[in-house]
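This document contains two forms of one protein chain, each encoded as structure tokens and listed individually as structure 1 and structure 2.
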Structure 1
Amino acid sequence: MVGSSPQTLVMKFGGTSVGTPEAITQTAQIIQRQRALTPRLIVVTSALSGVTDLLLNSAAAAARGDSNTYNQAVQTLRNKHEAALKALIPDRARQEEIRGAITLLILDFANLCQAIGVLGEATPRALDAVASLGERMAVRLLAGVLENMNVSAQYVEATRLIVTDDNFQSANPDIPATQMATRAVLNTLLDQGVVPVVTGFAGATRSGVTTTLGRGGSDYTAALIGATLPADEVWIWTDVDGVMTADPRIVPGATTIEELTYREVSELAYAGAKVLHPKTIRPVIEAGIGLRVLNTFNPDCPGTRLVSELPVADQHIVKSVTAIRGQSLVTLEGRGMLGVPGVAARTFAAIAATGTSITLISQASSEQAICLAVPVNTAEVLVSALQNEFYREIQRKDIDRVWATGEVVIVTVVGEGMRSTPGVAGKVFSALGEKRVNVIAIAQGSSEVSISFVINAEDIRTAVQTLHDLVIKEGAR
């Protein structure tokens, strides 16, 4: 366990931390031990592993008129939660109480799917109501397990705490209203020595309609509670030993990074690392609260501490290397583009109209080509959209062609120390050149905290391992 003992602490546990009865036991033991050290402790939990996907896939199937999928899901939900109940809560009366509460939520799920099936449409509002059910089941179960271990706990629906707008599926919190609600509800419980177990991911409008916070929602819930309560620290418990120097599936020798700045972790998250979503950490940054990423299954590991700034002497030049697979590079090129205003604006507008997110942008200073990295399964649609947008220019030969590569990979090296160290890009590309890895396109933001480049998919292991060796070498300086 982490040595420090904050007076007020928010701990968030991800789906794998409550994925099996054994994992829930481990999570409950972590909470029990920390409760002895921290007088004011708040727990935020995700749904049991796999439950949210099951709920949303069932709702989508119901919209297509498929009732079998959600009927099977009802049984799966019952079995999954029943197995945890029987394994973790021997007290029959408490077991029956929790079982009844979860059964009612499963019935709500079945009724929602039935209504979606009748309408033939799953609206964003309906999907939020469905998606939030997984966390609502999980808090009842986890609070019951803690009570069984003699930890005074009470589940709390985040719809009572997180006040949002009505932008369903990716709602935006109203911070002043959230602060008022969070303090009113949680401080009452904390003053009584109770551990609130809060649903992650969800919130509600001022009128009480359930919303969800989008990607990274449960982490975001923890950050919002930590910032508005306020807490001394927020700890995110997951299934890895913090933020790694590389994906250990590619680089077996990858190690945990002890400290990262918020800028670095934001770049890593955007660049494909399995870390906090950038919006998650914004409330924590603004509130000046400590943040740490820890491993539920290795609680003695100190994990990664996230800070606003690091002393220059402590800044490794390169800290981590990440890779985003499954990309394609779409290129718009032509000599007639040179000096013509509006080409980039029209390019991005055409892509936005398809609903596609651009992962990386690279443009030559000559303005004769714009390269865009996008998910490989969207490349054909984007090429067609750009050909339609620039039909006249293609006919006049102002634009020579619009084309897409096969699958490529975006590799990114990240490190705060890159900003003050000359020659980092030279070292990166020299190392790749020595291994005969061809770089197709390059992009670097003005923050200079990261360099991203595109390579052929078959070179991913060579590139990441080579650059990881550079991480270790530069970190040892």
Structure 2
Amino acid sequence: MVGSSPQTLVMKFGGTSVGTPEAITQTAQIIQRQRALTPRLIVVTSALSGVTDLLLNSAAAAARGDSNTYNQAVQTLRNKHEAALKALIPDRARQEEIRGAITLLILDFANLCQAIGVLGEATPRALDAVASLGERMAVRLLAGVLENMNVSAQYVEATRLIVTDDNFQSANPDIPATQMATRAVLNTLLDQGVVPVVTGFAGATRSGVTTTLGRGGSDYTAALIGATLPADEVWIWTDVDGVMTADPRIVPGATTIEELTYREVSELAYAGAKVLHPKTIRPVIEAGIGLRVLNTFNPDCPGTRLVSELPVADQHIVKSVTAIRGQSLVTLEGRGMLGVPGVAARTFAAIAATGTSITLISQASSEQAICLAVPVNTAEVLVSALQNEFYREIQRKDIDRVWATGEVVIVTVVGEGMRSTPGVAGKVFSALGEKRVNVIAIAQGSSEVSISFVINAEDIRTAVQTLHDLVIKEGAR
């Protein structure tokens, strides 16, 4: 284990950490050991791995009139939770009680899918009600396993803690209201020596309607609870040895980064490193509490510690490389654009009106083109929106065309040392040039600790591997 014993600690476990009976055992042992060191321990858990996808895919299928998918999912959900229940909770009465609770949630799922099928539409509100069910099953199971190990535990629905607006599927927390609720509910349990086991991902509006914080949002739940309670630290337990020099699924030689600044990890998280949800960092910085990323399956590895500053000697020029797949580059171009006032403002307003969020912006210095990276499935709608907005300029030939590429990838390199080191971009692009990777557009992060660029989707492995070699070679100053 990591050897430290904060007085108040939030530990969040991801889907793989509770994905199988063996993983749940491992997780429960980590909690049990930590409980001996930390008097006030709060656990946040994700749904069992694969469950959220299963729930959401079933709801989408139901909306298309397909009821087979959710009927099959009912069986899969039963089997998955039943396997853990049988293996880990031998006490018959407790097993029966938890089975009953999970069965009711599965019934809710089937009823919701049926209603979605009748309506022929899955609204964001209905999808949140469906998606949050996975965590609700998981907390009951994990709390039961802990009780079985004589760790006093109580499941808690985050709908009682995290107060949000009604921006379903990516709800925004109301921090003062969340703080009041979190303190009232959790302190009562903590004062009694109980470990609260809280559902990640979910929240509720003031009037009690269930919302979710966005995919991967359980990290954010942990940060919100840690910041509002407040805890001394938040530990994110996942399935790799911390934040690494690249996604180990793409670069097998990737290694763990022991210390990373908040700026670096924010850039990485926003640039696609799934290991930490991008919204996790802000509440933690604002509350001034510690954050670590650890591996459930290698708990003695110290993982990654996030820090506010690093001594200059420890700053690396390029520390990690990450990528976002499934993008398209939408370009607005024309020589007459130079004279048209407010092109950028009108472009962004037209895009905002479609509800799309832009992943990357790059403008040629000649002002002859504005390039925007957006999720590839939104590109067609955006091109039409921009063609409508600039209809007159297109007629007058001030704007030549608005067009979108096929699928592209955004690759980002991150390193605090970049700010004070000239020539980093040069090194990055020569390395890519040598491997004949064509760079389509470039943008530098505003905090100057990252450079992002757009490449063709088929070049992702070569680009990430090449830049990872650079991380290894050039990393330290």
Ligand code: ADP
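Just so we're on the same page, residue numbers count up from 1 along structure 1's sequence. Only the largest set of C-alpha atoms that superpose within 1.5 Å between the two forms is called the rigid core. In this text, all values refer to a predicted model and were calculated from it rather than measured experimentally.
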| item | value |
| --- | --- |
| Structure number of the form predicted in complex with the ligand | 2 |
| Threshold 2 Å Cα movement between the two structures for Ala463, core superposed | yes |
| Core-aligned C-alpha movement of Val194 between the two structures reaching 2 Å | no |
| Core-superposed C-alpha of Asp400 shifting 2 Å or more between the two structures | yes |
| Once the two forms are fitted on their core, CA shift of Pro252 between the two structures in Å | 3.8 |
| Inter-form CA displacement between the two structures at Ser384 - rigid core frame, Å | 7.8 |
